[in-house]
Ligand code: AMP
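Presented below, as structure tokens, is a lone chain in the form predicted on its own.
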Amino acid sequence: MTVDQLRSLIRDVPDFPKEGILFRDVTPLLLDPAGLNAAIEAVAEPFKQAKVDRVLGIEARGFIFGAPIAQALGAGFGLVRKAGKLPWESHSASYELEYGIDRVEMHVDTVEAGHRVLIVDDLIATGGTAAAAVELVRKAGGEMVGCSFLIELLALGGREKLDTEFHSVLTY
């Protein structure tokens, strides 16, 4: 499947979640078996030879893409969740929002010292959440292999916040 065919499966939703925002909705792609498979392959492809130990998916759509990417790479899968959502001892990292600060967490046993880690999500915008996930990996002693996204919103500059290998399939 070509990049243009994948792009045709992303729905643009104007003024969501608030006026002036153009939301890139991946749910049509998720409903298309060939599109979903192609998206997973495209996000995973650059890291197939990287000997990844853990794939971390960022809440929530990163969970959808992360688990099959972990399978494709022969790696374990871990969760990066919003604060207070995990039931056990966790590492946490904060990041800035437009108006305030938020926090993400992962269980302390998700990444061990020396683990090679790939972070995935459906979309990168400003990069704050992804940068906090990178911080979690490093806090746990893991080695960043990279970050891979289906969609990158270029104008928001998220890529610049990540000091690791970076891959995106579709750019807007």
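The model shown is predicted, which means the values in this text are computed figures rather than measured ones. We number the residues from 1 along the sequence you see.
As for the form predicted in complex with this ligand, it is not shown, yet the points below apply to it.
*Asks:* Answer for I21 alone: is it within 4.5 Å of this ligand in the predicted bound form, judged on heavy atom distances?
*Replies:* Yes, I21 is a contact residue.
*Asks:* Is the gap between G128 and this ligand in the predicted bound form 4.5 Å or less for some heavy atom pair?
*Replies:* Looking in the predicted bound form, residue contacts with this ligand include G128, since a heavy atom lies within 4.5 Å.
*Asks:* Would you classify D122 as touching this ligand in the predicted bound form, given a 4.5 Å non-hydrogen atom cut-off?
*Replies:* Result yes; D122 sits at the interface with this ligand in the predicted bound form.
*Asks:* For R61, is any heavy atom within 4.5 Å of this ligand in the predicted bound form, or not?
*Replies:* Yes, contact at 4.5 Å.
*Asks:* Sort through 100 to 108, 22 to 30, 136 to 144, 36 to 44 and report the only stretch with a non-hydrogen atom within 4.5 Å of this ligand in the predicted bound form.
*Replies:* Partner-contacting stretch among the options: 22 to 30.
*Asks:* Just give me the residues of 134 to 172, first to last, that have a heavy atom within 4.5 Å of this ligand in the predicted bound form.
*Replies:* Read in sequence order, the lone residue that approaches this ligand (within 4.5 Å, in the predicted bound form) is L153.
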